[in-house]
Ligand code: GTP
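One chain comes next, on its own, written out as structure tokens in the form predicted alone.
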């Protein structure tokens, strides 16, 4: 089996960091978001194919220098093609069935169980679903008692929603669904292709653990919290010589002697937090320097940001190289 990962969009809600770094390479709980998606794949995969768009060269170089457990191939698109167009562009040689993942999904999912259910149903596709309270930002599944999906309602008001089970951005599809995607233009797989597949049998696979998409600052930090709470953020604790509760994920070359930490922090490669500074519920990317007495909370600091002594940064997204 192969896996196809959709890496589209411009990460607009995470600007200005994403002006220079693609969203999928922002580190959360100690490694890039994309590599937490990789963690969900079964070890016996034949290949992982990345359908890339924005900053495709940067992603290709990163996965080349940080190989995974399987061969990883990147297939860039010359112009934005949407979810369906990206699948068509990168879909040559897909397995039957193949896994399809959005690149910003942070979740607990038993892929082996999902494959077994997909084969048992014998349909054209299986889509992971997650139950949420507020359905308005999502596509919501209308399900039969056997979990067959009979329609999706996009971004409904709560009173119009057929359920609280949303498309979780994880799926299994028969390879032949790629044949129905028109080539050479932008295509929304969810809106243009999936409705025509429902008659052939598309089933829901209900996720029971945790799930979030890490597309906005609040959700990025919530995804980091979920990963830490699930034990997927490394050994936790605080950096050598530091104080506080943690957990803190310390990437290579990061140091913080004499600093203090609250919960849920990533220190990117080469980050420095000086004595007397405090950091909590934040992500400090590579080369960030926090001077003495500064305080960082609920924030994302891009590469090489410098926070001056005594300064407070709260609920901010700070772009690369900025001094605050």
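The structure presented is a predicted model; accordingly, all values stated were derived computationally and were not measured. Positions refer to the first chain, counted from 1.
This next part talks about the form predicted together with the ligand, which is not shown.
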### Query
For the chain seen here without its partner, which of 220 to 228, 175 to 183, 192 to 200, 77 to 85 has a heavy atom within 4.5 Å of the ligand in the model of the complex?
77 to 85
### Query
Taking 4.5 angstroms as the cut-off for heavy atoms, does residue 204 touch the ligand in the model of the complex?
no
### Query
If you check in the model of the complex, is residue 308 within 4.5 Å of the ligand, heavy atoms only?
no
### Query
Hey, in the model of the complex, does residue 8 get a heavy atom within 4.5 angstroms of the ligand?
yes
#### Entry: in the model of the complex, residue 125 touching the ligand (heavy atom, 4.5 Å)
no
### Query
Since exactly one of 290, 51, 285, 28 fits, which has a heavy atom within 4.5 Å of the ligand in the model of the complex?
51
### Contacting member of 97, 233, 246, 215, with respect to the ligand in the model of the complex [4.5 Å, heavy atom]
215
### Message
Between the ligand and 272, 295 and 304, in the model of the complex, does every residue show a non-hydrogen atom at 4.5 Å or closer?
### Response
no
#### Entry: Members of 94 to 118 lying within 4.5 angstroms of the ligand, judged by heavy atom, in the model of the complex
102, 103, 104
